[in-house]
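Consider the single chain below, provided in structure tokens and representing the form predicted alone.
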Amino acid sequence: MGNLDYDAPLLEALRRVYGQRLGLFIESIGTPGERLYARVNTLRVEPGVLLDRLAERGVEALRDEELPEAIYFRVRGPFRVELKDRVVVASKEAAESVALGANLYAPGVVKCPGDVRRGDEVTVVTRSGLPVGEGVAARDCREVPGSRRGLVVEVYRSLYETVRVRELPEFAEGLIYPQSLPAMYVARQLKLEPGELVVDLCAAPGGKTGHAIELSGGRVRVIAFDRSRGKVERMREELSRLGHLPFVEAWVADSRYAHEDFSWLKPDEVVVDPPCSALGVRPKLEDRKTYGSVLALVNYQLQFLRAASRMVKPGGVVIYSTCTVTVEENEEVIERILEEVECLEVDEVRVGRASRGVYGRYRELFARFHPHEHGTPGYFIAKLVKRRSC
């Protein structure tokens, strides 16, 4: 399994989903897939106009076959990355970005040797020593400790090659938002009727919040919760870049208790994308997880769903999604909340290209994305409706 360290019970849980195809799944999450997706901000530009603009500058972007607001850039590789005399160690998330061609910035640096000087050639590696990119030090390493911002390594060769979306002028202008294809289907399960109130309980960094605004044409009001003040501030910055702040209120709060702390809120629709084991996220250059950590997350996820089910209006909709693949965090979470809350019913998630669920009496109503089948991250979406009589 390379740099993936999963205990035996977790592997058994994954085998419950994939059976003899488990090896294919493990292999696929170690790569980024062939497409890097982004969402076009349709409040500011038509997708076709954006694609023409990119093409004029020689940037190849293609339109998704199903979602009109989804575009993608091709991912090429893997390529060989040379291990140089000087190395800079990156965090898991930063290393995965560097592997796709991104530069390395100060928040993602784990270790930067003091003898590295500006202009030195270095290799960016994971904590386990896997080379992910070659580049040139943009500053002396002694300047890095304590830095929250700033370029540390300008990468010129990486494991994979694709467009640096965040460096495009279209990104700075708020015309595009990097987002996986499965995540784009979440907001599309909402009704988003004019004047509706939508609550996003685990909103940061704001992708689904922004998408709901765009799909509604700015005709819904969204309240976005996150318990981290720093994440909420960054989410506000991102929504401001997209021009969405007039339609959003971003609140710092532990949304597991939103139904109690904000009992006067009666949303028409609620999005629940809770913390999860992220086993579907790719590329995974290194990862360590246990089955116990998965079970701990299940209880956490149920808390968010309880809050959503209690605050949503009768007749309202709750969308539950995760970027993980275990039955325990997906189908079984839905089964458990249905046992607890009699007012909830399962409705069908409509996603043309996805597979259906793999467990339980409602599995045909769920949507699942499998990396080795769909070329996407692993993902799960369920739709719940609160009966009008409740």
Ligand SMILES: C[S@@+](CC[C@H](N)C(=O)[O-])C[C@H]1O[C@@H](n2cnc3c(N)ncnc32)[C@H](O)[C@@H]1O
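Since we're looking at a predicted model, the values are computed, not measured. In case it trips you up, residue 1 is the first one in the sequence shown, and so on.
One more form of this protein should be noted, the form predicted in complex with this ligand, which is absent from this view; the next part is about it.
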Spot the stretch among 236-244, 279-287, 205-213, 90-98 with residues whose non-hydrogen atoms come within 4.5 Å of this ligand in the predicted complex.
-> 205-213
Exactly one of Arg188, Arg227, Arg86, Arg139 has a non-hydrogen atom within 4.5 Å of this ligand in the predicted complex; which residue is it?
-> Arg227
Does the trio Tyr105, Val122 and Gly135 actually contact this ligand in the predicted complex, every residue with a heavy atom within 4.5 Å?
-> no
If you check in the predicted complex, is Pro274 within 4.5 Å of this ligand, heavy atoms only?
-> yes
Answer with yes or no whether Arg306 is in contact with this ligand in the predicted complex, where contact means some heavy atom within 4.5 Å.
-> no
Is there a non-hydrogen atom of Asp254 within 4.5 angstroms of a non-hydrogen atom of this ligand in the predicted complex?
-> yes
His259, heavy atom within 4.5 angstroms of this ligand in the predicted complex = no
